[in-house]
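This document starts with one chain, in the form predicted on its own, laid out as structure tokens.
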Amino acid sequence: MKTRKTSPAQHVSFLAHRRFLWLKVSGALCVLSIVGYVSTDFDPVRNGGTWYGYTLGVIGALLILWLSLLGARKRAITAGHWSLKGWTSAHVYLGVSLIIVATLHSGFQFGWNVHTLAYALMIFVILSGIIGVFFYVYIPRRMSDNRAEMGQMDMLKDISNLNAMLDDAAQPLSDKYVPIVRKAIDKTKLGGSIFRRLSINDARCSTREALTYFQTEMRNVEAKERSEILDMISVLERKNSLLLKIRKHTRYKALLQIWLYVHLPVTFALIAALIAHIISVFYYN
């Protein structure tokens, strides 16, 4: 019986899609833009108002509009030449090529106007996009390693099971320990504000407080309760370790969320500035 082989392409990063096809296309676009720029006569000065400036401007504007469609493209996952992986690869490399195309389009003529505003917003979007590439390459892998094949719901279910074990472990203990254990069970907090989600070590974690308390208590506890205290510490350590995994998972998700909150609004601002740039060019010319 033959074993079905997995296609190597399934394991290739979007950055290396089709043997770096879109890196080559982007590089060719940059080279052609530079060659055209240095070999064209500009009269009186190099600027976006020449025929070559208009050509690069049209290419740049079309690229910006096309690049902004990636979010819509993600909702229609297909295989083949225009797979989501291929689209994302093109998005990254053609987006970076805009730095060359748009800069040459401007003829290095900058000032306090809507044209330079559009250019500045474009540079910001591209730089934030580069950060996003790092996030989307680095974070999913770290999330997978952190979860160790457990889903978020599985981790939360294990927290519930550990709370039940804490309740059972507290039964043979003295009454003075009950409030500490109840707090560790009832006051466990996950999520919250964006700053809380970015923090892995929650200084106010009731489980950690209980673990520290019982570890200290081991020095003074009577011999007859030592075994029960050790059982409690063991369960608290397991819960504390699992809470750390969940908080790491939450932190990774928060980082991606923050990036989207920055990248997408500035992209919309760029499109608005681009439209204003185009209208002003045709209106004043």
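Note that the structure is predicted; figures quoted are calculated from it, not measured. All residue numbers are counted from 1 along the displayed sequence.
The same protein also exists as the form predicted in complex with ligand HEM; that form is not shown, yet it is the one meant from here on.
Partner proximity in the predicted bound form, defined as non-hydrogen atoms within 4.5 angstroms of ligand HEM, places exactly one of 187-195, 161-169, 211-219, 100-108 at the interface: 100-108. A residue is said to contact a partner when one of its heavy atoms sits within 4.5 Å of a partner heavy atom; T88 meets this definition for ligand HEM in the predicted bound form. In the predicted bound form, none of the heavy atoms of H17 sits within 4.5 Å of a heavy atom of ligand HEM.
Ligand HEM is not drawn, but in the predicted bound form it has a heavy atom within 4.5 Å of W259.
Taking non-hydrogen atoms only, K24 never approaches ligand HEM to within 4.5 angstroms in the predicted bound form. Of the candidates L70, L255, L244, L32, L70 is the one whose heavy atoms come within 4.5 Å of ligand HEM in the predicted bound form; the others do not. Applying a 4.5 Å heavy atom cutoff to ligand HEM in the predicted bound form picks out W259, L260, H263, L264, T267, L270, L274, H277, I278, V281, F282 from 245-284, in order along the sequence.
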